[in-house]
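This document opens with one chain alone, in structure tokens, the form predicted alone.
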């Protein structure tokens, strides 16, 4: 089945007073529709309900795949988004107004598919350019604050189009966008017209001048294996990459739409992970439009959306 939030607000008002303790939750009724392969006819009317999104049970989950056939029969949640106006930096209006969300499980792993309209894929690295990105957030504990878990804690799965490009094509440097760029000589590195950054700084002595890379900053990886990362946060400005990474992801842009799948075991040994179980819970979304120069707090986001795994969804 498919459901759609009917909230019509297009702007969230700034909050004052107990910052982070009081927050606006998008909790309007949802509208459910039957999936495209159901026997519902065109005369079927939308039904207002407050039921959570049920994770669809499937036989087997292979590698993450936004185009897999099982998504055609999985429940779809159409979740409305609002511009982030709570804390600086903010945006005045939403560039992306809603996202479609689906979830499937084979009893061992769970996969989440996020899809949204985007006329162009922003994944190039250059000065003044920003990457498309999306994230899904889960609460650690109960009564968790929507705003990055302020006063509590959340786990976040984050995907970026530029990371997907790194995985698909290899680490993207300025030369991939400007092939005639000249690289001057850095200490112990190779320079010249035909040099890429990975080859130029292969010498360990040269890498000392790549401070973020030498320090192990995950944002500076040149051999990225996954286009996503798992993060934890306990409020505004506290997001941090987790030491252990259990998630996989794949993002595909086609026909003016992104489709991104996050996949992870239902249960892990990592104490910082959200643990999926047979209980009602919730998720929240965020998405960034690179062409609108969105990054960090400049984003669209949702309120908490309920979801549930049913009996038989966990082995």
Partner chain sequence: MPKIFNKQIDREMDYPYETSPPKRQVAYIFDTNKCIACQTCTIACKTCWTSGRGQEHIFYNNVETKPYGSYPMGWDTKLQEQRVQVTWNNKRLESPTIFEGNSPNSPPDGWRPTSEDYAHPNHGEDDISGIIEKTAHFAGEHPMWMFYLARICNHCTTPACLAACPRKAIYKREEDGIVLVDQERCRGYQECVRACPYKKVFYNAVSRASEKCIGCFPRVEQGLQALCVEGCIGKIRMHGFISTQTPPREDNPLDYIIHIRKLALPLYPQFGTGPNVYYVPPIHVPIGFCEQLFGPGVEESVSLYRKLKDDPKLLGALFLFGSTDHIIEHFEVKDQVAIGWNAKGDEVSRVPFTEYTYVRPHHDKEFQVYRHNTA
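Numbering follows the first chain given and starts at 1. Predicted model, so just to flag it, every value in this text is computed and none were measured.
There is another form of this protein, the form predicted in complex with its partner chain, and it is not shown here; the text below is about that form.
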Requested in this report: Sort through 166, 106, 122, 100 and report the residue having a heavy atom within 4.5 Å of its partner chain in the model of the complex.
Outcome: 166
**Report entry** its partner chain in the model of the complex reached by all of 223, 252 and 255, non-hydrogen atom within 4.5 Å
**Finding:** no
Query raised in the report: Of these, 109-117, 136-144, 71-79, 212-220, which stretch puts a heavy atom within 4.5 angstroms of its partner chain in the model of the complex?
Result: 212-220
Report task. Check whether residue 205 has any heavy atom within 4.5 Å of a heavy atom of its partner chain in the model of the complex, and answer yes or no. Result -> no
Query raised in the report: Is residue 96 one of the residues lying within 4.5 Å of its partner chain in the model of the complex, judged by heavy atom distances?
Result: no
Report task. Mark residue 155 yes when one of its heavy atoms lies within 4.5 Å of a heavy atom of its partner chain in the model of the complex, and no otherwise. Result -> no
**Report entry** its partner chain contact in the model of the complex: residue 127, any heavy atom under 4.5 Å
**Finding:** yes
Query raised in the report: Are there residues in 80-111 with a heavy atom within 4.5 Å of its partner chain in the model of the complex, and which are they, in order?
Result: 85, 86, 87, 88, 89, 90
